[in-house]
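First, one chain by itself in structure tokens, the form predicted on its own.
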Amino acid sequence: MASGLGRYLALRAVNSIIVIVAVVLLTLIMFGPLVDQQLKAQIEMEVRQQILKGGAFGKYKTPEEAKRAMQKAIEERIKALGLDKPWYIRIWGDLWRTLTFDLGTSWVIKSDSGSSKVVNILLERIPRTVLLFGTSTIILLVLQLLLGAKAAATPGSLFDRIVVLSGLLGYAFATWWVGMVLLYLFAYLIPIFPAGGMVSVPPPQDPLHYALDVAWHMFLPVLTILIVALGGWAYVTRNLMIGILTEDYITTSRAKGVPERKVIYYHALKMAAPPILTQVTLAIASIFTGGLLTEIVFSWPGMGLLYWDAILSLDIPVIMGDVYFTTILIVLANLTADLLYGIVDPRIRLGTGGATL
């Protein structure tokens, strides 16, 4: 059994590495020509500024001679950096540097500490996204299980109908619209919560007050996510549980006098765990990538807002670094879910031909 799970996870790990390399390679292919164009333009501008600042034009007899000297200096600089070779030849070196987290320097964006290194910018933003969407996902998961199981245990009741209706309405809501409505109601019309950001300016110095201030800023973004997602999550759990509660072993457990609470929240939920894990996996992916629209609406300084700012400023190194980090974190989240899936569902540990491993 253990060896079967090990082979299962080894295969998933190999697939994960292939996915990461493929995504990075495709990103380099997509942005390679644009990066070349931008770097060469930057080199030309820097050489011109150096020559003009040094007054070097005065030593040339004619403007044409000065232009030739400038062009020669530009070509030497381009050759020194290896940019004289086509991007599709240099791409393998770029691929290795990216895979080893040598992500270069941002063209526009800087971290709060003033660093232009893409790695530092990303490492600053990731915890903020994890904080917001991790909190939201934990709350969602708990409420999903409680509400979905309760609705499945009383099908056709008023509570069940409310869960079904909220699920249908939740899928119809747009995240940005719900966020804007909450901002208008509770940040402008009734100014109870801040209109955006992660912490007040200036931030509180006391650690406890700082944590409470961050929670105060998180309230509306988390509420937005709950309004949009909770109904759908609970509805999925409810549908899974209704089917499971009709199984023979559930009827047998009830006939033996097993308490209804244990039947629902232990036996039935245990069988519903694998598909629920799949849903949670997708949520974990959103934890790391960040809800782009949610972070934009509430100016939450995470990965989603960083990606948006990088696109607006055409900061290619940050875009590529964001894509790389996002891919790694999503793959790791899926790999973790595969591990949990393999532990929870014994069928995963079956080899070819149906033999138990």
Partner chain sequence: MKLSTRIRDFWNEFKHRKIGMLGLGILVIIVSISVLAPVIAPMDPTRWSDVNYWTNNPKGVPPTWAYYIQGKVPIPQLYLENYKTKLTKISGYPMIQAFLPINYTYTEFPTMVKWRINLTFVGAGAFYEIYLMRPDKKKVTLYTGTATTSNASQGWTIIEIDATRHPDVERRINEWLSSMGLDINRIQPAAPIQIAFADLKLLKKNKLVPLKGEYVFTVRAIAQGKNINVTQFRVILGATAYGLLGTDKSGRDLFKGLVWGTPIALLIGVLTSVLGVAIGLLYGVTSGYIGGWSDEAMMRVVDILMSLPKLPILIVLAIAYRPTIWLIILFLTIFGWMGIARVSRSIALQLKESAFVEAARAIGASRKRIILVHIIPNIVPYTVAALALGIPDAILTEAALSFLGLGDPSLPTWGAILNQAQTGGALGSGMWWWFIPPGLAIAVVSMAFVFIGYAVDEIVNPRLRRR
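Positions refer to the first chain, counted from 1. All values reported here derive from a predicted model rather than from experimental measurement.
If you look for the form predicted together with its partner chain, you will not find it shown, but the lines that follow are about it.
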(request) Although its partner chain is absent from this view, report whether Trp233 comes within 4.5 Å of it in the model of the complex, heavy atoms only. (result) no
(request) Tell me, yes or no, whether Leu39 is in contact with its partner chain in the model of the complex, where a contact means a heavy atom of each within 4.5 Å. (result) no
(message) Using a 4.5 angstroms cut-off on non-hydrogen atoms, would Val181 count as touching its partner chain in the model of the complex?
(response) yes
(message) Please tell me whether any heavy atom belonging to Tyr265 falls inside 4.5 Å of a heavy atom of its partner chain, as the geometry stands in the model of the complex.
(response) no
(request) Answer yes or no: in the model of the complex, does its partner chain come within 4.5 Å of a heavy atom in every one of Trp107, Leu123 and Trp216? (result) no
(request) Quick one: from Gln71, Thr252, Ser113, Thr246, grab the residue that has a heavy atom within 4.5 Å of its partner chain in the model of the complex. (result) Thr246
(message) Looking at Ile190, Val142, Leu165, Leu208 here, can you tell me which has any non-hydrogen atom within 4.5 angstroms of its partner chain in the model of the complex?
(response) Leu165
(message) Within 4.5 Å, heavy atoms only, one stretch in 255-263, 218-226, 170-178, 115-123 touches its partner chain in the model of the complex. Which?
(response) 170-178
(message) Need the contact residues for 296-315: heavy atom within 4.5 Å of its partner chain in the model of the complex, sequence order, or none if there are none.
(response) Ile296, Val297, Tyr307, Trp308, Ile311, Leu314
